[in-house]
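This document starts with one chain, in the form predicted on its own, laid out as structure tokens.
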Amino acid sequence: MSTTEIDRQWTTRLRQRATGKLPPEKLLPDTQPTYVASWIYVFGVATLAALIMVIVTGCILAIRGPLWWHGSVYGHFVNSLHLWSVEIFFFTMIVHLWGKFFMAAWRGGRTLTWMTGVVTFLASIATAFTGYASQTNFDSQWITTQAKDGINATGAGAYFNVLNLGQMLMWHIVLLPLAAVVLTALHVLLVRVKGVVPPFAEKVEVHS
């Protein structure tokens, strides 16, 4: 196969485009600008760490089944870890989101980076809701019976039945986490591609 034919292959074009947008030194940089030493970015990393903990504890709960954590001391412990990881995840994400809002993080062609963060937040809310609906206790009963009327009023109840435990559990452990993880990975990749948004330029007043 000639060099011209190789260059025309979609795998070659995709690889060249990917390495052009995100070379290894950009994907895994050795240094960062000094303004990255900020608590706002610490909260962003804490959000990622909490998400990893949510996934790990969620996988353990999924392996043992939706009733294990009610009758087992270990199950109750893992379920508590899962809950508090979610609480930390949302707290750190909200701080990071508001911090980046006031920094106008969409500047410099970073609109898509900002939007993936916002959509990830919305997907995480839906994931948390289906988690509450999958607890198999009186709390989940109350939450689902109160939520069904509101969801049915939108017309979505025909496809998203909150009283169906199996459906809510599948949404919670498969579809919505997959969306949240993919969006988070895309968000991090866009941060690498576009770089971290710099602080606002200092305005210097000139007096005559």
Partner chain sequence: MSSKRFRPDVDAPEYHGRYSPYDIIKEGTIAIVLVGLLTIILAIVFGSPDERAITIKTWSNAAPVDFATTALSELNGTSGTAQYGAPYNTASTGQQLGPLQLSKWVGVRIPINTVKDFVISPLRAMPSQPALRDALTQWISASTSTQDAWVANYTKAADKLTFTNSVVTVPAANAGPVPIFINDLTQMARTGALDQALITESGYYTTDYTRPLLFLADGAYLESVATKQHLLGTQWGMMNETGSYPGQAWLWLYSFWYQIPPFNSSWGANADVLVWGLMMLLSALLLLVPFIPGLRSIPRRSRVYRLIWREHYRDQK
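These figures come from a predicted structure and were not determined experimentally. Residue numbers count along the first chain shown, from 1.
The protein also exists as the form predicted in complex with the partner chain; that form is not presented, and the subsequent description refers to it.
State yes or no: in the model of the complex, is some non-hydrogen atom of G150 no more than 4.5 angstroms from a non-hydrogen atom of the partner chain? G150: contacts the partner chain in the model of the complex.
Look up in the model of the complex whether P29 has a non-hydrogen atom within 4.5 angstroms of the partner chain, and give yes or no. So P29 counts as contacting the partner chain.
Classify G20 as contacting or not contacting the partner chain in the model of the complex by the rule of any non-hydrogen atom within 4.5 angstroms, answering yes or no. G20: no, not in contact with the partner chain in the model of the complex.
Would I55 count as a contact of the partner chain in the model of the complex, using a 4.5 angstroms cut-off between non-hydrogen atoms? Although the partner chain is absent here, I55 would stay clear of it in the model of the complex, with no heavy atoms inside 4.5 Å.
Taking heavy atoms and a 4.5 Å limit, what residues of 138-159 are near the partner chain in the model of the complex? Heavy-atom contacts within 4.5 Å come from F138, D139, Q141, W142, I143, T144, T145, Q146, A147, K148, D149, G150, I151, N152, A153, T154, G155, G157, A158, Y159.
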